[in-house]
Each structure stands twice: as structure tokens, then as C-alpha cells.
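Next up: just one chain, as C-alpha cells, the form predicted on its own.
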């Protein structure tokens, strides 16, 4: 009788075990504790600064909570930075994606020199923005190799202006953004089952038909994601717009407006408002691209990584 009284109750233990099983079925277990450091990192370095900036944009020195946003949209010198930035980032991102598709498509298979060629294509990642800008000035500047060649051959009478304007920034965005687009597209293409194209080939489909009807639909979701990432990278352009652009004129992008508001005018509310609008424009473009992706391809992604 005493042994029976000293034995711990089994019902609460079974209930706790059943509860752990039910939580594990929903993905809730002790392994979630491993996410705590990462969650704290994201909160401290991303979410908190973002929320602080949003709040600061509604706290101008005078004029009410929307004064900073009203100043941005009523001042053409500030408002036009949105169009200038989109005019640089959209074509650069589109060109990077379009140029990476045929190159990555040809490099799916194994051939001699593939590793060397891949290394050459991704080298700009290691150069950095400043070194890329310096290279553009030395090569495409008024006294650079390109203009000296044109002048010495008699093709032009004066140097072609390809730096310190729109084209200097555009070339910089293409050089720095292409390696990311190429690696992403190559990874998506590598995930598409090659037997699908071989099966279509046995049915008489040509190379263009196989690409258009099989590879491209499976690749479309990956292309949309690649475009979004390269667009965000290009939209946040800052050093290139100053080093090889015209920061007070044709290449006065929205990031320069935010910098000048914060560190030249010391108007932190306006700078925060510009940064918030910058993020909203990016989100609008990404939403449009992802919406196009959903309309273009709604089937199974089992044939590829898309």
C-alpha cells in the first residue's frame, strides 16, 4: 500500500508527453530555441531601426506629422529623384537578367574551362563599387583608353562622354549586378530536370521550342526573383551615382536625397521620410513583378527550383 502511494502519478506525465507530441506535429519543439539569437539579431539590427525611422518621419520640427512627406512631394528637386532612380535601376536590373539567361543556359553542361569562365564572370563581386568606379574612369573617362583609341583612330574629334553622367552609373550597376543575376539564374537552371528537354527533343521539338515551352516557364519564377534582388541592389545605388555620375543633376538618386537631408540639412525627419518612400517604391515594384510571376506561371515547380 505504501509503495502504491509513493509512486508518481502517471496521468500528468502522459498528458505532458501528449502535449509535446502535439506541439511537435505543429513544428513547435525545443529546437525553436536555436532561432532566438537570430530573431534577436534581426529585431535589433533591422526591425527596430526600421520602426524607429518610420516613427521619426512623422516627427518633423514643424508643420504636423505629415510635413516631411508633404515637403518631399511638393519639392520637384526631391520628388524627381524617384524617377531618376527608377530610370537607372529598372533598365540595369532588366539587362542583367536578360544577359545572364543565355550565358547561364549555355553553361549548364560540363565543358573544359567552365570553372575559369565562371570565375571571370563573377570577379566583379570582389572588386567593390569604388574600385569598379575607378576602373570605369580609367577606361571610359575623357582621357581613358577607350577615348584615346577613338581619337587616335580618327573616329571621333572629341572624347565621348561616358562617365560623370547617366551612362557611367548605368555601366557600374551592370558590372556590379550581373554576377549576382548570373549566379542566381545558373542555380535555377541547374535545378530544372534535363530529362524534360530530352523528352521534348525525342518528340521533334527544336532548341528554341524546348527553351520557350519547357525551360522558360519553369525558369520564370526564378527570373522574377532574380529581377527583384538585382533591382533592389540597383535601386539603393549611392557610391556609383557620386563617383561616376552627376550627383547634383542627371544621377541625383533618392539615396543622395536622403543623405543630404540627414547629413547636410540635419533634417532627420525628412531623411527618414525619404528612406520610407524609398522602401515603398521598392515594395511596389516587387509586388508588380511577383504578381506578373503568378500570372505567368501557376503550375507545379517540381521540374525546377522556381
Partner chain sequence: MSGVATRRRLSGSPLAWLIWGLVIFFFVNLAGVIGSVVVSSVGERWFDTWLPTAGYTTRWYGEAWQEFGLGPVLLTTLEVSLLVVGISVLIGVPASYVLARRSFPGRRLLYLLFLLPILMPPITYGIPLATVLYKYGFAGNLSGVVLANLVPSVPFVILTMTPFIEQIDPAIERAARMCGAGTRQVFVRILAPLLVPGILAASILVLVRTVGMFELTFLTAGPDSQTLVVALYYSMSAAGIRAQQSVDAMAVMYSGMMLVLLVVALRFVNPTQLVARVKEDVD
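Numbering follows the first chain given and starts at 1. Bear in mind the structure is a predicted one, so any value in this text is a computation, not a measurement.
Although not depicted, the form predicted together with its partner chain is the subject of the following passage.
Colleague: Pick from 99-107, 68-76, 82-90, 212-220: which stretch has non-hydrogen atoms within 4.5 Å of its partner chain in the model of the complex?
Modeller: The contacting stretch is 99-107.
Colleague: At 4.5 Å between heavy atoms, is residue 225 in contact with its partner chain in the model of the complex?
Modeller: Yes, contact at 4.5 Å.
Colleague: Can you work out whether residue 279 and its partner chain are in contact in the model of the complex, taking contact to mean some heavy atom pair no more than 4.5 Å apart?
Modeller: So residue 279 counts as contacting its partner chain.
Colleague: Report yes if any heavy atom of residue 202 sits within 4.5 Å of a heavy atom of its partner chain in the model of the complex; otherwise report no.
Modeller: Because no heavy atom of residue 202 falls inside 4.5 Å of its partner chain in the model of the complex, the answer is no.
Colleague: Does any part of residue 146 reach within 4.5 Å of its partner chain in the model of the complex? Heavy atoms only, please.
Modeller: Residue 146 belongs to the contact set for its partner chain.
Colleague: Quick one: from 156, 196, 120, 94, grab the residue that has a heavy atom within 4.5 Å of its partner chain in the model of the complex.
Modeller: That would be 120.
Colleague: Counting only heavy atoms, which residues in 234-250 are within 4.5 Å of its partner chain in the model of the complex?
Modeller: Residues within 4.5 Å: 235, 236, 238, 239, 242, 243.
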